[in-house]
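What follows are structure tokens for two forms of the same protein chain, given separately as structure 1 and structure 2.
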Structure 1
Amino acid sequence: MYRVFDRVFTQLVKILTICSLLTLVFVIIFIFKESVVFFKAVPVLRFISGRSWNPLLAADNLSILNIILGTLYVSLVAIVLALPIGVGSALLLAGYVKGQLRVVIRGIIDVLAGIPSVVYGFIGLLVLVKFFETTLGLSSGESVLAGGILLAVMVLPYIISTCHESMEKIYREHAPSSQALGVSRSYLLRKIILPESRRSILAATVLALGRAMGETMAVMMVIGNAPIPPRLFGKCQTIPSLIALEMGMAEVGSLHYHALFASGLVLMLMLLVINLILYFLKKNILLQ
């Protein structure tokens, strides 16, 4: 009976895995198919190197360099802000927080990861944007910095969770020996736990960066959505916000419609390239 159940369960898992892979393949094929129509009218290089996005003009005015830069800028600001806080919080949880308190803190972190992005965006619009307008004297608080801070808060739970699991395991392995040798806890965390957790830190960075680059609603509410060269205290636009804002008003089958699919394809390729670069860094540097 148990053997039959095991075989059925194994086959079910295989079928579900194949279905997931096929779904991913079909999505990629569909986006690629819709993008090819646009690239027949506008060369790929012109599309990703031009700085003008105006669907009301000729096809040559559909290019997304400023939008690509905005996507990268906002995401990198978020990672720069969130990574030190996330790694430090994971070290604190692994080395200093014990028992029920750790469970409560981890529960709060998991709750933060489950809050809808539109709620983060609404809070960012009322708090961050308003703060920049009143305190910094900006004409508009919608900016790259506002989007970066908001994204940093959103990706923080993913960084903490990914790093904490690895750090806690390493800490349990080395804590008895370090205590027997009289090594301080802070020295153990700085010199042993942190260096040995570099792979999990890199994995957390990849996860957080992918999450940040793909975020739509929250970022869209605080960055101003202007396809202009991004500045830290200026407005910008990201590829997800561009697609979300304009897909509903683009005529199906128009060049504008296919340009939005091409933008999504560019975003997918950006994420693929970043993941490949970090993978080779992990393989060739961190494992030496």
Structure 2
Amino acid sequence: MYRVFDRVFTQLVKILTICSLLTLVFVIIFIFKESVVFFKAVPVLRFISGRSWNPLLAADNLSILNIILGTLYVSLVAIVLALPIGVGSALLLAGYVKGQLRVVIRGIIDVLAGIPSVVYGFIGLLVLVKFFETTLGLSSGESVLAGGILLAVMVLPYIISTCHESMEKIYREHAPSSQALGVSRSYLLRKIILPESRRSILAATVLALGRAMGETMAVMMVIGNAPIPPRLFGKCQTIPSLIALEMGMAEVGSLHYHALFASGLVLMLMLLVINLILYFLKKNILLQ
């Protein structure tokens, strides 16, 4: 009775698995292939080291150093702002907050992760950019800093949850023996929990960096999107926002179109490196 059904089910699982893996591999190869066409016209090094981006001119004018720098700059600003706040909150949660309250606070923080990026962009545009323009008197509030602050808020929940999980575990391991010594809780957190969780802090940083670099909508709405060398209070352009803005204009098959794929590939390779680092860090954390 179950024999036939068993075999059908097993085959179905295998076929579906093969389908999904092929799809994923196909997506990755497809992007790769569409980018390689561009690199036949413009050498890779030229593409990533040149500073001008103008799709209306000749192929030589398609290069993305400024945009790569913009992507990195915005993301790094975000990490620098978010890390201390995230680690601090995670420590507080692990050491001082107990039971129901902790569940509630974790839930509240997860709310941050659930807010769609367009909504972040919307608030960023109406609050942050406006604040820069009216209160600080900048001519344009759309800037690297605005993007960085916005991204910092967006990556906070990822940093907190990654750190908190391992900190809580370490705390549970060491709290009894530390309490037995009569040492204060903040001393324990400072001297043992914080240094012991450096790996997961690193993992959280890498995770957040990946999120930040791949973010499109929120960043696009507040950075001004000008492919110029980024400055903290100046406009800039990131790779995702470049793709989102120009894809509609680029004719399928044109050099401009392939250049957008190529920049997508560059972004993916940067993220791939970051994600592989995260994968191995995670493995090591589990092994510990």
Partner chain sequence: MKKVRDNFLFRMWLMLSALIVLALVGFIIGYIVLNGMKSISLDFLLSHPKGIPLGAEGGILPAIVGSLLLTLIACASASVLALATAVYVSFYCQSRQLETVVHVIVQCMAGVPSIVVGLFGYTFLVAKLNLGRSLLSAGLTLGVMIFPFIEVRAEKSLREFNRAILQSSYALGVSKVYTLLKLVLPQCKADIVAAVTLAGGFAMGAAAPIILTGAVIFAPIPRSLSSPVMALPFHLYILTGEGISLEKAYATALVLMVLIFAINIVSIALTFRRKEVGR
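C-alpha atoms forming the largest set that superposes within 1.5 Å between two forms make up the rigid core. Numbers given to residues start at 1 and step along the sequence of structure 1. Keep in mind that this is a model prediction, so the values were computed, not measured.
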Structure number of the form predicted together with the partner chain: 2
Mind pulling the C-alpha shift for V273 between structure 1 and structure 2, with the rigid core superposed, in Å? 3.5
Rigid core fixed, the Cα of L21 shifts between structure 1 and structure 2, in Å, by 4.2
